[in-house]
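One chain is shown next in structure tokens, namely the form predicted alone.
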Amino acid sequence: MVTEAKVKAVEGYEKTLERWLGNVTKEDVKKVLEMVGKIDKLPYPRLVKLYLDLCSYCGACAEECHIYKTYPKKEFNPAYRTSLLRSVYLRHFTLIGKTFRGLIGAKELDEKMLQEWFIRFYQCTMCRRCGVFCPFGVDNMALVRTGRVFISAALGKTTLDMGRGVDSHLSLGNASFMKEAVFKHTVKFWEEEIKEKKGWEVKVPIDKIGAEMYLIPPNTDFFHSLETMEGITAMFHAAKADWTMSSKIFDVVNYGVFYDDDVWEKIINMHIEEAKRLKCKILVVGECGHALKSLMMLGPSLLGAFPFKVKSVLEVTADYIKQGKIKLNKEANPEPVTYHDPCNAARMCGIIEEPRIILKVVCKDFREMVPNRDRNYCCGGGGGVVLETASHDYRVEVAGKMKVDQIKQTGAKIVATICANCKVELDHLITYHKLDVRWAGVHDLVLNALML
């Protein structure tokens, strides 16, 4: 049911997005059209053109979209967003579109249309669930991101906090304006907390050249999800792992993934060059979905093979469990636990069974959400939407509402996940809807269960 609260939440975020884009001029339209005309210079032009051609507006994607199902207006239909880009491309850059125009849905890009591009593309959480159910395999996420890329390349525009995060990353090597001294202070805090909770003397290796693994967590593990890094650190200690962190590049976040190819490449190259400097065999990505996608999937596909492997920390921990390298006591986590599959980790990177291998041995009562795995619903904060304080009401009332219902149905007291942005969004959903649940990283629960 579309309530007054939902209407206000949607309208409020739309007005904010409109303000962030600013006054649109004919010159802005011209610049964006020039970028659309350079579609063949994208790293993946054939794929984008194929998706633009294949969409038949059958409606299958709308029935599977967590936003449209919560707020069924045409603008939230994934195929509608596709049509915004497709109609402009047809009209300006194809013979059939120039000739027949309205007969095939070709439209002029003008100031009003460009404004709608920005709003619709940034309302989407880019979860890719619609692509799972599309009979033609159209990936609307790729088209939404392409629209964002055109706007960023032409006008330098994105959402407020995402832009700030990128500025910080390009200047300091992390998205939180964090200095090296703060990083080292936080590492000491992890060590002290592990000693207090487990009684173990643990030392985090920093800048160790030639270590087998170079671990990079997301920036939220330094201020929002501290127990996740404590769990990973303790797990490596228990397994006697050969690992290190970097005092220079210690944040795996890459917001360029959401909206800009040039930004993405600059940030991922920071990660690649630091891994080379440290001479690691494996770059291990912490509990972060979009960063895993960037380094595991997009990086090798677009930049060529890396001189090291890329793994999720979930793969490492699951392997340690299989090999008997760590001892775990599930009695340490007696409450019922459910698991939220992050969109990037599950649908893009295939990290699906590893979290379950871990949770089934660290939790006494593990319960699945329905649906789950690659068909799970987005938390409501994907695509960078959760980064914006101004999107809060839109996320908790609309984009994340189906996730709230899923959590309630499990009867669980803890909802675990392996994505930094998902943890932030789950925190907001639990607080706003007053759920009798708490969120946790998978390695938060590993920390409780670990034994020496």
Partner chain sequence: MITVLSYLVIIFGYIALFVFIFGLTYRILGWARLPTGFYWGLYPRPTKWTFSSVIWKIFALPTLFTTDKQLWIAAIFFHIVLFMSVALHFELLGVHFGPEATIDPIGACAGIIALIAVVYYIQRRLGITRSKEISALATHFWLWLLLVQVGIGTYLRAFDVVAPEVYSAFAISVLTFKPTLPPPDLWFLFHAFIGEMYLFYIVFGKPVHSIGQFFSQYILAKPERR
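Bear in mind the structure is a predicted one, so any value in this text is a computation, not a measurement. Numbering follows the first chain given and starts at 1.
Keep in mind that the form predicted together with the partner chain is missing from the display, and what follows is about it.
Undergrad: The partner chain isn't shown here, but in the predicted complex which of 336, 350, 205, 371 has a heavy atom within 4.5 Å of it?
TA: Only one option qualifies, and that one is 350.
Undergrad: Looking in the predicted complex, any heavy atom of residue 40 within 4.5 Å of the partner chain?
TA: Residue 40: yes, in contact with the partner chain in the predicted complex.
Undergrad: Verify the contact flag for residue 329: yes if a non-hydrogen atom of it lies within 4.5 Å of a non-hydrogen atom of the partner chain in the predicted complex, no if not.
TA: Answer no; every heavy atom of residue 329 is more than 4.5 Å from the partner chain in the predicted complex.
Undergrad: Would residue 74 count as touching the partner chain in the predicted complex under a 4.5 Å heavy atom rule?
TA: Residue-level check for residue 74: yes, a contact with the partner chain.
Undergrad: Hey, in the predicted complex, does residue 198 get a heavy atom within 4.5 angstroms of the partner chain?
TA: Output for residue 198 is no: heavy atoms all beyond 4.5 Å of the partner chain.
Undergrad: Just one stretch in 356-364, 277-285, 300-308, 316-324 has heavy atoms within 4.5 Å of the partner chain in the predicted complex, so which one is it?
TA: After filtering at 4.5 Å, what remains is 300-308.
Undergrad: Decide if the three candidate residues 58, 80 and 296 all line the partner chain in the predicted complex, where lining means a heavy atom within 4.5 Å.
TA: Every listed residue reaches the partner chain in the predicted complex, so yes.
Undergrad: Going through 31-55 from first to last, which residues have a non-hydrogen atom within 4.5 Å of the partner chain in the predicted complex?
TA: The stretch 31-55, when checked against the partner chain in the predicted complex, contributes 40, 43, 44, 45, 46, 47, 49, 50, 51, 53, 54, 55 at the 4.5 Å heavy-atom cut-off.
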